[in-house]
Ligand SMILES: C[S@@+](CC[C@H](N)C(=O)[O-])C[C@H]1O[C@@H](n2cnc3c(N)ncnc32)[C@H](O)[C@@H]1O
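What follows is one chain in C-alpha cells, specifically the form predicted on its own.
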Amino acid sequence: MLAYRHAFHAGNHADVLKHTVLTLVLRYMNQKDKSYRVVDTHAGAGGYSLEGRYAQKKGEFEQGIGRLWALDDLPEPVADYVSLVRQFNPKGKLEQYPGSPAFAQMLLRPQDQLRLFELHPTDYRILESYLGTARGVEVKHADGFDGLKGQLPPSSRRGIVLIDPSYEGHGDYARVIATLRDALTRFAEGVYMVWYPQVTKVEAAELPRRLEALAPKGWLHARLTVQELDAQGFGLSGSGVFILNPPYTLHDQLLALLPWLVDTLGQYDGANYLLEQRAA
C-alpha cells in the first residue's frame, strides 16, 4: 500500500528477527563461489534515519536494535547482524538503520546480483539514489509481486527471494501465495524467505499453513512473540519468517538463538518463540 512507510518501524523487534535470519541465509549462500541473485520484492528506502520524526514517533527501534546496540556478549549470529548495523553507522552512534537491501548489498560479492523493487515513489527515489549505481544492483519502480516473474530463474540457478509486503490490506496475503506458487514453477530450487506480522488477522494466522502446502522440498518456520496486544487487541505482538528450501544449517542456528532473543527482546512474561521445520 502506498500509504505505508517502513521508517515508522525500522529497527524494531520484527526487523531484528528478519535481518538476523536474512544475514544467516546470505552467509550460507556465500560459502560457495558460484554467483547468486537476491530479489527483494518490497525493498523500501534501503535505509532509515532513527533520529527522524517517523522513527521517533513511537520509538519502536528502542525495543529492537536499541536493546542490542550496547551489548558486548551477543550470540554469534546476532553479533554478526549488529556488526552490519554498526557498519551502516560509521560514526559509532546508532543514527541509521539499514533496510534489507543494505544488508544484502553489504554481504553480496562482486559476482552476485541484487534486484530491488519498490512501488512507493518517495522510498523508490531514496533507494535509487542510494543503490541505483552500485555494481550488480538494479532498482525498479515497480510492483515486486509482478516483477518477480522476470527475475526467475537466475542464470546461475542460485537465488534468494525476500517477500515482505506491508500486509496493511487483506490482499497482500493472497498475493504472497499466488506469487510464490508461480515462482516455484519457474525456479523450484530457489530459497524463498517470507516475513509476516503477528497480528489479529485471520489471514496472518493462516499464512504459515498455506505456505507449507507450497513447499514440497522442505520449509522452516520461525516466530518470535515479544509483546502483548493493546486493550483493543491491536498492535504487533511479534513476527515470523517462513523459508522455503532453507539452508540445512538454519534450524540449529535458530534453535540456539531464539530463546536468547525471547529473553532479550521480550516485553512481558508471556514472550515466546516457535521453531518448526519439515525436511525435504
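Worth saying up front: this structure is predicted, and the values here are computed from it rather than measured. One-based numbering along the sequence shown.
Missing here is the form predicted together with the ligand; even so, the following discussion is about that form.
- Of the candidate stretches 202-210, 74-82, 151-159, 95-103, only 95-103 has residues with heavy atoms within 4.5 Å of the ligand in the model of the complex.
- Using a 4.5 Å cutoff between non-hydrogen atoms, V137 does not count as a contact of the ligand in the model of the complex.
- Taking the partner from elsewhere, P246 is found to have every heavy atom lying beyond 4.5 Å of the ligand in the model of the complex.
- Using a 4.5 Å cutoff between non-hydrogen atoms, G190 does not count as a contact of the ligand in the model of the complex.
- Put simply, Y48 is close to the ligand in the model of the complex: some heavy atom of it is within 4.5 Å.
- With contact defined as any non-hydrogen atom lying within 4.5 angstroms of the ligand in the model of the complex, the contacting residues in 37-57 are D40, T41, H42, A43, G44, Y48, given in sequence order.
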